[in-house]
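The data below hold one chain only, encoded as structure tokens and taken in the form predicted on its own.
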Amino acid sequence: MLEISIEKTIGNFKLQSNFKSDKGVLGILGSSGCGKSVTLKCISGLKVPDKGFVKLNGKELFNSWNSINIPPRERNIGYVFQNYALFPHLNVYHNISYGVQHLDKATRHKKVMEMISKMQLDGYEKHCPSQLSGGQQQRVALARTLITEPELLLLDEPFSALDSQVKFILENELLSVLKKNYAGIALLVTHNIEEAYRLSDRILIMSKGKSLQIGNKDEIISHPTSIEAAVISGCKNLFEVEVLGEEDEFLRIKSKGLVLRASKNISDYQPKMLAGIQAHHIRLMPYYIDKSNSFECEIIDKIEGIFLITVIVNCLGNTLLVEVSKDDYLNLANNDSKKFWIEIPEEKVLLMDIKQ
């Protein structure tokens, strides 16, 4: 178990990071400059927090009140940087063996060759980093880290500089390596919600130096607890609503001319709330279906993506974004009547305190 509660001020930026993480991959998600990488550096000992504590599997690595600050090399933490930070003058064998120089020659050689085999790097022992593909460099960096048997693995945006095709390949390789060869705790820093979802078991959302929300990745995406968390988790439809009252297990809410039902996902609701609806949760159709949250709308514009089209619609005075596949959009465009309806699942309407 990793437990941290730290504060660190750098110029005008103040980090206040508090969370716990057990075995598996925790994705730390947030925009650039929110404190993700500073958090990793404070955990690893590369930066010293102003106050607080860092505890790993019951051992205090840092405690400002007890004057504890274990040196980075003694924390048993592995760190994989954005550019992998391989030694360019050392071949694969010597890059991997770098962290186990304290072992006798025979033991060191055995561990290095076992790691080379696990990482499918057989035959590349004498290659330098410049002679390797991106995937091979990544495996060498992971091998160099994992050979030290770290209790905690820190991954600082390892795919940020890669194009999408290479990124998907390396993501799959990383997942495979972690599942087969690592049973500890891993923290993955990223600013990409889809990358966090694909690679993580749980997600921590950070904003402006603070930990906003942590939990199962599906829960984080489906039920953000604050406006900032909703935006970071990819919610594209946020609008102010008036709560009209309760209706069974639902709330009736109103935004301009739009009155709809929403799940009572918040117990302490106010007369004025903020509603959030993920763009992919709204159904856009060329016909009416008899459901409580079905409304006629007008298509205003569209934004084309590689696989999806974001359709901008006006519904009773509200501008909403709806994500549809390209095939579905073609079917909509061929609608002779040119009339369209949206259907918003009641359980997909999220309510948040407008003051957050």
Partner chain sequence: MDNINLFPLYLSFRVAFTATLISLICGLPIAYYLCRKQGRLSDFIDTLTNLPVVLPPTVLGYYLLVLIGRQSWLGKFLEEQFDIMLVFTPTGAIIASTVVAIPYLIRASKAALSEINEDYLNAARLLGRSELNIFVTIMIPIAWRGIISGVTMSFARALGDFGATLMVAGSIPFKTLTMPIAIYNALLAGNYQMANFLALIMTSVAVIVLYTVNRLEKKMKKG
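Small disclaimer: the values here were computed from a predicted structure and weren't measured. Numbering follows the first chain given and starts at 1.
We do not show the form predicted in complex with its partner chain, though everything after this point is about it.
J.: With its partner chain left out here, work out from 213-221, 111-119, 79-87, 196-204 which stretch has heavy atoms within 4.5 Å of it in the model of the complex.
T.: Careful reading of the contacts points to 79-87.
J.: Please tell me which of 136, 148, 265, 91 lies within 4.5 Å of its partner chain in the model of the complex, judged by heavy atoms.
T.: It is 148.
J.: Of the residues 107, 131, 176, 101, which one places a heavy atom within 4.5 Å of its partner chain in the model of the complex?
T.: It is 101 that has a heavy atom within 4.5 Å of the partner.
J.: Do residue 321 and its partner chain come within 4.5 Å of each other in the model of the complex, heavy atoms counted?
T.: Residue 321: no contact with its partner chain in the model of the complex.
J.: So, residue 272 and its partner chain: in the model of the complex, are they within 4.5 Å at any heavy atom pair?
T.: Because no heavy atom of residue 272 falls inside 4.5 Å of its partner chain in the model of the complex, the answer is no.
J.: State yes or no: in the model of the complex, is some non-hydrogen atom of residue 308 no more than 4.5 angstroms from a non-hydrogen atom of its partner chain?
T.: Contact with its partner chain, no.
J.: At 4.5 Å between heavy atoms, is residue 46 in contact with its partner chain in the model of the complex?
T.: Result yes; residue 46 sits at the interface with its partner chain in the model of the complex.
J.: Relative to its partner chain in the model of the complex, which residues of 61-77 have a heavy atom no more than 4.5 Å away?
T.: Residues within 4.5 Å: 72, 73, 77.
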